[in-house]
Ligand code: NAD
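Have a look below at one chain only, the form predicted alone, in structure tokens format.
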């Protein structure tokens, strides 16, 4: 396939996943030539990438192939899922993601890539700062002394340092964002790897369509989080990538809500009343919120999409998926 020599050529790893797939579309709209790489193609719609390669980046040769002739790299590839997944697969997550990131940043450096974005996570923040539901918003400097919740957080934190060292020693312009619970349409909504917003949208959709108002909630539902809509995340990624700031930045909403409140917001979007049934299940830290002081100062970025608006859009999409599944079961 011929590439337009006047266009900056970018690689998006993890382009078959939720954020990566949306990022491909975002960058295409910006006029970039985009190569997507993943072990699977996007699940819910076709990719808009100019080229999509099915490659396992745990293999060094595949990472080199992926980075060949690229100007910029957006490294989002990861073996991950929601709390139900990452709380049960620590060795797998640490092993697989470490290999992916070791090979990708090294391949980018050896291939002459000029700029490298790494998608980190709020999971890097210490347990000891997240023991209360009324948590103090987390600042970037709070990452140390380190005490991440699980293997996913440890791997993300180590890779942040890896990327920093490649920037210092190999001339690679590096950017790091710590995502705080990104959500939106076209993300996994069932199967065990889905995250809280789409999982709750699924449960509420089933409650609505089956006329059974009971919705299961893991734990007491008083655990707190902030949730950032995908469109805001994409804008943040791009502004950071185009900036000259090379230290980690939070990208997330700074509005704290309980999981019980999240259920009520989704139920309102569905136009129904629900009955919450609290059951045992992994809950992660008790509370987590993003302090956006630095990202506002450095990038002038702040979320534009309210939680209600984002959940309305996400719920409508998830309800369509549930309707289709119920129709198949009936036929």
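Numbering follows the first chain given and starts at 1. None of these values were measured; they are calculated from a predicted model.
Quick note: we don't show the form predicted together with nicotinamide-adenine-dinucleotide, though the next part is all about it.
J.: Please pick, from 138, 119, 249, 83, the one residue with any non-hydrogen atom lying within 4.5 angstroms of nicotinamide-adenine-dinucleotide in the predicted bound form.
T.: If I apply the 4.5 Å criterion carefully, the residue I get is 119.
J.: Have a look at 39, 305, 64, 272 for me and say which one sits with a heavy atom within 4.5 Å of nicotinamide-adenine-dinucleotide in the predicted bound form.
T.: For this set of options, the contacting one is 39.
J.: Does at least one non-hydrogen atom of residue 204 fall within 4.5 angstroms of nicotinamide-adenine-dinucleotide in the predicted bound form?
T.: Close contact is absent here: in the predicted bound form, residue 204 is far from nicotinamide-adenine-dinucleotide, nothing within 4.5 Å, heavy atoms only.
J.: If you check in the predicted bound form, is residue 10 within 4.5 Å of nicotinamide-adenine-dinucleotide, heavy atoms only?
T.: No, residue 10 is distant from the partner.
J.: Give a yes or no for residue 55: in the predicted bound form, does one of its heavy atoms lie within 4.5 Å of a heavy atom belonging to nicotinamide-adenine-dinucleotide?
T.: It does: once nicotinamide-adenine-dinucleotide is placed as it appears in the predicted bound form, residue 55 has a heavy atom within 4.5 Å of it.
J.: Can residue 79 be called a contact residue for nicotinamide-adenine-dinucleotide in the predicted bound form at 4.5 Å between heavy atoms?
T.: Residue 79: contacts nicotinamide-adenine-dinucleotide in the predicted bound form.
J.: Have a look at 159 to 167, 106 to 114, 130 to 138, 179 to 187 and name the one stretch with heavy atoms inside 4.5 Å of nicotinamide-adenine-dinucleotide in the predicted bound form.
T.: Checking each option against the 4.5 Å cut-off leaves 179 to 187.
J.: Are there residues in 81 to 100 with a heavy atom within 4.5 Å of nicotinamide-adenine-dinucleotide in the predicted bound form, and which are they, in order?
T.: The stretch 81 to 100, when checked against nicotinamide-adenine-dinucleotide in the predicted bound form, contributes only 100 at the 4.5 Å heavy-atom cut-off.
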